[in-house]
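A single chain, nothing else alongside it, follows as structure tokens in the form predicted alone.
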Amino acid sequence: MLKFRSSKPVLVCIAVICASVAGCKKRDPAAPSAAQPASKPTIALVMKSLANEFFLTMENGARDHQKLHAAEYDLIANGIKDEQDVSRQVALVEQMIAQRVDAIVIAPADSKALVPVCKRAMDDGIAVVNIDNKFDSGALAEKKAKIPFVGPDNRKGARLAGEYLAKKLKAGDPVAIIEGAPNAFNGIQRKLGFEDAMNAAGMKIVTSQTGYWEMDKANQVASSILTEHPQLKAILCANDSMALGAAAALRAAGRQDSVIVVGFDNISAVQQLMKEGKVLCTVDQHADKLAVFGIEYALEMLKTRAAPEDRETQVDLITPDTLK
């Protein structure tokens, strides 16, 4: 009968040899470990209309920051075709949820409509930071969502521009406001800031109408206002794209020397008009840094898991003197 000898000594030797080889093998420093995350976080930047120079500047600022911090995070940047394409922006956020990004930094086209999809992102474990246009507090409360806002005090910025304009007018002068989209918190706040300054200086606000952030729409609105109010002295625009539209309407009506235009955003095209004396002033909320502030806060949230809090960023009045 054939007998088998015990294999235990052989197994012991094999185990010792394997352990020795494993102990001598150098660990790949790129390999994940308990103390080292498997990959860099991916941050999604979701903006409004990339046809607006303000958001192109925002995107460029974000991409420049990511290049300088390429070892720290990856960036996906997207925007919509125009300021009112809310459904497309919702779809972009849904895409980012499906791609399992780590954080979403969003400048919402609508202060209420984007809250539900951003809450879904949060429920899926994605950090969300709100920039530029603040989410509606009531919509957040309804969804039991706490999303930090990183951005400027738009009312304060608009008031700065209005106060500067008031120095060029006299009490009782008729002025008009071209508002941003009525569903946008920052548009509402800028209108209030303009009203604060005009009412304090005793100006007469003859009309306030929305231009929906768009140059062409503002051009139509301004043309109508000029016809209805021939004594108009100034038009206060809630962003620079609309200021461009208003300036074009004044030029077409031959009134660019008698009606003052005020803007908000400090885009390069308006800077040129300011140098030519066609626009009085604008407001800089630092588009190139605004997304960066949001990205840095998102990275901080991912690292610390601390309760999110709002952070106010800088806003500055820009006049022809500051451009020199």
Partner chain sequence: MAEVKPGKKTRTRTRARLLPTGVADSVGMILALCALTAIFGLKAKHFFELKTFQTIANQIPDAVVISVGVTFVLIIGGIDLSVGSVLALCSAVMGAVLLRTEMPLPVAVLACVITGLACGSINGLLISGLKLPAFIVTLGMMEIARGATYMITGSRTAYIGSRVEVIAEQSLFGLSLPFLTALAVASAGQFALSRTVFGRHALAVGANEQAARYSGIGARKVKWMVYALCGALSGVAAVINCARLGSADPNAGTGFELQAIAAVVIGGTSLMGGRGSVVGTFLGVCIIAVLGAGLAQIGAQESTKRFITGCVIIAAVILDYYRRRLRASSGAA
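Numbering follows the first chain given and starts at 1. Since the model is a prediction, treat every value here as computed from it, not as a measurement. Each form is matched to the other, and the largest set of C-alpha atoms that superpose within 1.5 Å is called the rigid core.
Omitted here: the form predicted in complex with the partner chain. The next part is about that form.
Proximity to the partner chain in the predicted bound form, defined as a heavy atom within 4.5 Å, singles out one entry of N199, Q95, Q209, S87, which is Q209. Checked against the partner chain in the predicted bound form, the candidates D216, D153, E163, E142 yield a single residue with a heavy atom inside 4.5 Å, and that residue is D216. Proximity of R251 to the partner chain in the predicted bound form: non-hydrogen atoms within 4.5 Å are present.
Heavy atoms of T227 reach within 4.5 Å of the partner chain in the predicted bound form, making it an interface residue. The partner chain is not shown here, but in the predicted bound form it comes within 4.5 Å of a heavy atom of S241. In the predicted bound form, the partner chain stays beyond 4.5 Å of every heavy atom belonging to R100. Heavy atoms within 4.5 Å of the partner chain in the predicted bound form are found in one stretch of 40-48, 295-303, 63-71, 263-271, which is 263-271. The putative spot formed by T57, K81 and S223 is fully lined by the partner chain in the predicted bound form; each residue has a non-hydrogen atom within 4.5 angstroms of it.
For the partner-free chain shown, nothing in 145-180 comes within 4.5 angstroms of the partner chain in the predicted bound form, judged by any non-hydrogen atom. With the core superposed, V221 shows a C-alpha displacement of at least 2 Å between this form and the one not shown. Relative to the superposed core, P230 shifts its CA atom by 2 Å or more between this form and the one not shown. The two forms, fitted on the rigid core, differ between this form and the one not shown by 2 Å or more at the CA of P182.
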